[in-house]
Structure formats: structure tokens, C-alpha cells
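Single chain ahead, by itself, as C-alpha cells, in the form predicted on its own.
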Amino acid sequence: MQDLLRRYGATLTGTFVLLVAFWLLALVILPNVTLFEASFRPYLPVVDVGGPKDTYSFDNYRKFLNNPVDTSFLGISFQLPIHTITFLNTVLFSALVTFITFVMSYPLAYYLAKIVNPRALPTLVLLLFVPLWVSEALRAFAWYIILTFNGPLNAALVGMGLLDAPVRWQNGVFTAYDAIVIGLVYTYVLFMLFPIYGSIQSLDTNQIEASEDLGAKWWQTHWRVILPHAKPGIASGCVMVFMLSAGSLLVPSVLPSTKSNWFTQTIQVWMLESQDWNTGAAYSFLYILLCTVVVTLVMWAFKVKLSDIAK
């Protein structure tokens, strides 16, 4: 605050603070407080709202554990509530999207930060930003066309002899979520790339050269020098990609299979199709809480602090 006062003066600093406070209060705090309060109230006809039936309870949250169905994992059959299965699938495949984007982004981030000619860097960055000029909806529909049975992907693979016949990618070749994973990776890969690029760019090149001069192999240099330095960027990218993927609604709606269901679609059904905003609000807050727990556990497992992500 003292730095802001010295740099901008009391009037401009006060204006900044008031605008930020208004934004947080009007667009973040009040809507979420309203939804949080509604999540404990029952879904009632308008004439019963505020009456004796309008009481607070955890009934909306208990619906998350209703309707158990048969499922299996590693050959073991058991029963789980259907919405719990949807949540676990969403977390699992969001984590898979995060891992794939990291594997794709790290080599490219290193190339952009330490290898590419500085004169060519602006052009390459511009080319990476070009897909963001198109709306997420159009990008999702583009992948829908690419992955269709008679689409260009099947035509190319059959033409190169890699496939004997076209396959139905949207119905899931490996899992029911193949098309959704592809769409999410394409949509959010840049949110992983640029935080890692920023972290690697700040690394002194002399440290890499010193590692090589001391006889370290290329993978040892990356494992012991570059990756530890890039940890804040990796953590930031992983958190952003995971939360954006888990919270995505458009891509899972455009690229679903007959057996896939994203948890945000379940929330949409409660709120828009069933018009049960109370249960939808309960599922929304439960989703935020559970995803926060997952992210916290991953940060603890990889020994990453919140301050690392905020850098």
C-alpha cells in the first residue's frame, strides 16, 4: 500500500482500492453469499417461499450421495452414488488434461526461453496466440468437425494407412472422455505454457552452462536445475489448467460421448433444466470445496506452497 501511495498519490490509490472493493463485493462476494444461503434451503413453489416449509437443512448436499449405481475399478465391482462417480471422473480427466498440457508445454517453453532466436520470439508468440482470437465455442465446434466419423482426422489417418477404417472418436476409442480431453488440452494448453515460459526465462543461462560443463547429462540438467527453478510456473499452470478444465462446461457439452458426463453438466441440469437452483447452488459449492481439497493435496504432495503459485 505504501508503494502505491508513493507512486500514484492518495487520490488515485483510493480510487483503485474502491474500484477493487466494489468489484469484489458486487461481482464475487454478494453473489456467492446469496448462492451459499440458497443452497441450504429447499426447492419450493413461490407461494411456499418464506413459509413454514422454508427451513435450512443439508438435504440439498445429501443428494450428492443418493442413487448408488454399480461400477468397477481394476476389476473390483462396488457401488457408488452416480454424482460421486461423475465428480471422480471429472477430477481424474481434468488431472489427465493437466498432465498432457504440461508434457506438451515444458519442451516448448524451454525452447522459447533459452534456444529460439530472440528476433523470432515475437513472431512465434504471436502464432501461439492466434487460436485465442477465435472464441472457445468456435474452437470446440471445430474439434467436433475434426473428430466426426467422416471428418478430416479419420480421412488423414486412413489415407496414411494408420487406420484400416474410420473410428468414432467421440464415442471414445480409449475412454468415454477422449474427445473432451482433446478439446480441453487444445483450449487450455497456453495457460500452462506461458507461466512455465516466464519461470524458465528468469533462469540465468550460466547455471545451465555450468551444469553442462560439470558433465551433467541433458536430463540431469533439466531435473536438477531447470525444473526446480520453474516450479512456481509449473505449479501456477497446473492449478489454472486443472481448475479451468474441471469448471469447463462448453467443451464437455460440445464434445461428449454417449457415456461421458462432466460435473458442471450435472450442475447445469439442476439449475436450468430442473429449475432447482437450491440444489444447483449446493452442488456448486460442494464442487468448489472438493476441487480445492484436491488441489491442496496435490500441492502438499509436491511440496508446493501457495506463495509459489502467486509468484
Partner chain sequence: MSAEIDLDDVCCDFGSFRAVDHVSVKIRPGEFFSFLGPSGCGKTTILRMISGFTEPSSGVIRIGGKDVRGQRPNQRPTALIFQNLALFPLMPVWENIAFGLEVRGVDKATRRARAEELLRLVDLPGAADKMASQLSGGQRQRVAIARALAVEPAVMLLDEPLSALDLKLRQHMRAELRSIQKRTGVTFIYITHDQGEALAMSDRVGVMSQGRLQQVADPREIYNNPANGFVASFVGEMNILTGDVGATADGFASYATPHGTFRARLAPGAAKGPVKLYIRPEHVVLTPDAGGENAVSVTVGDVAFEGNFISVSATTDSGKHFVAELRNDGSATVPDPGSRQFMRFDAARAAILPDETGTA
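Predicted model only: the values in this text are computed from it and were never measured. Numbering follows the first chain given and starts at 1.
Below, we turn to the form predicted in complex with its partner chain, even though it does not appear here.
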In the predicted complex, segment of 204-212, 161-169, 174-182, 85-93 with a heavy atom within 4.5 Å of its partner chain: 204-212
Candidate from Val225, Ile100, Leu190, Val125 lying within 4.5 Å of its partner chain in the predicted complex - any heavy atom: Val225
Contact flag, His229 vs its partner chain in the predicted complex, heavy atom cut 4.5 Å: yes
Contact label in the predicted complex: Ser77 to its partner chain, heavy atom within 4.5 Å: no
Contact test in the predicted complex: Leu157 vs its partner chain, heavy atoms, 4.5 Å: no
4.5 Å heavy atom contact, Ala216 to its partner chain in the predicted complex: yes
